[in-house]
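In what follows, one protein chain appears twice in different forms, each by itself as structure tokens: structure 1 and structure 2.
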Structure 1
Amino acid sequence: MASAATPRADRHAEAASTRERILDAALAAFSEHGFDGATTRAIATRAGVNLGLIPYYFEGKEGLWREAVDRAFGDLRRGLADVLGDTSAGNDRERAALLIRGYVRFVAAHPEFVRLMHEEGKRDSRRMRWLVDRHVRPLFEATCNLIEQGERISRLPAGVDPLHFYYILAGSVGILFHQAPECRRLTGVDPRQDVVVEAHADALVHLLLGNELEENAT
């Protein structure tokens, strides 16, 4: 019985590994070339698999795109889940700071995520609507709730809609890593170095939330 189970387990592990390689290649290709510019043939070549495995596992190009997006947002949600659900942080400002730092670190590690979002968010399409309704809206609402329910934790004037905080945050985090080649050419600094990532997070916390010690003193 054990000997029969082992080959089956090996096949399942191989299939899972193949799917992961295809999803890795797809996310990179879609973020670099957009949905229309990325071809399943190029994705299969990049993943080192037979082209026929894409319809076998994903039913086609759009199914592959959706699973790649699902996985990217799944990684983001897991990275931020502890922050958004954390009840041990001292106050709402600390939770907001943790959210900012977690998002900066995620985007630095996954710049393809921002490239894909920029590619799909700039046009009104079926994919954009699916992406917003399935993934972006829950993240947006969680961020807005954190701002609305907390004390005055941002530097935005009272009464400013939290949507501005959300898009200021998304833009200020993403642009540095989205345009990393420009940054390296312009400054000689690689923004994906750990020390630069942490410095960027520090800067955004200070700019968006202010200095906690100064606020406590006032």
Structure 2
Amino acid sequence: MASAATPRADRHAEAASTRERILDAALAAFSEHGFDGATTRAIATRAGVNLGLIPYYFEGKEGLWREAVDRAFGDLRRGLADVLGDTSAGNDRERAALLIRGYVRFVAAHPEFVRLMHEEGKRDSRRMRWLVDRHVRPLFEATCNLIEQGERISRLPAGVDPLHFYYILAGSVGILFHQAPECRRLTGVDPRQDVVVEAHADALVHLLLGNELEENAT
């Protein structure tokens, strides 16, 4: 935007804000339309900046995509930080329930996260390998640790490969919000409403952890 008339040295601040606005627009566009469906023109327009600034700042479309993904995972870490750091909860089951609820609320507030993941995970590609190696594997391993710790309290029989639990959790939480526009047309209900989000979290906690009374029923 304004550059020639600025006093001298909040050029840095302006450039940073330009960069951020491009990243915001890119994250929205990539998650909604996929990598191929999102155009750099639409991203530049949405960010209110010139098309040429995208290769200038990000070394092309794919570099922009990588930084947008980094940002999405940063959002996830920030969004789960408080619920992960909270050790005040009573027993194991309550902590697990808190974690599930926290993830449901995060995805409801950030459907773009799960849309990015599902867009890339469905085919083998350079982007998929980068995404798995850089972001998904650490997330998967952390989740597996939690699953093994929680095996006594979850309703999943012990000894089952944690990948099943991981994908059941990812899918059953994510798809409702991934498919929010479909759900709206299908049912008339916007799944991102608070009441729906909480009902989904309730249903999942019930299914995955059982109710309080039957703890360790399996």
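Numbers given to residues start at 1 and step along the sequence of structure 1. Definition used throughout: the rigid core is the maximal C-alpha set that superposes within 1.5 Å between two forms. Owing to the predicted nature of the structure, the values given are computational and were not obtained by experimental measurement.
Each of the two structures shows the same chain on its own, and it is structure 2 that derives from the form predicted together with a further copy of the same chain.
Comparing the forms between structures 1 and 2 on their rigid core, the Cα displacement of residue 164 stays under 2 Å. When two forms of a protein are overlaid on their rigid core, residues whose CA moves 2 Å or more are considered shifted, and residue 193 is not one of them between structures 1 and 2.
Superposing the rigid core and comparing between structures 1 and 2 gives a CA shift of 2.4 Å at residue 17.
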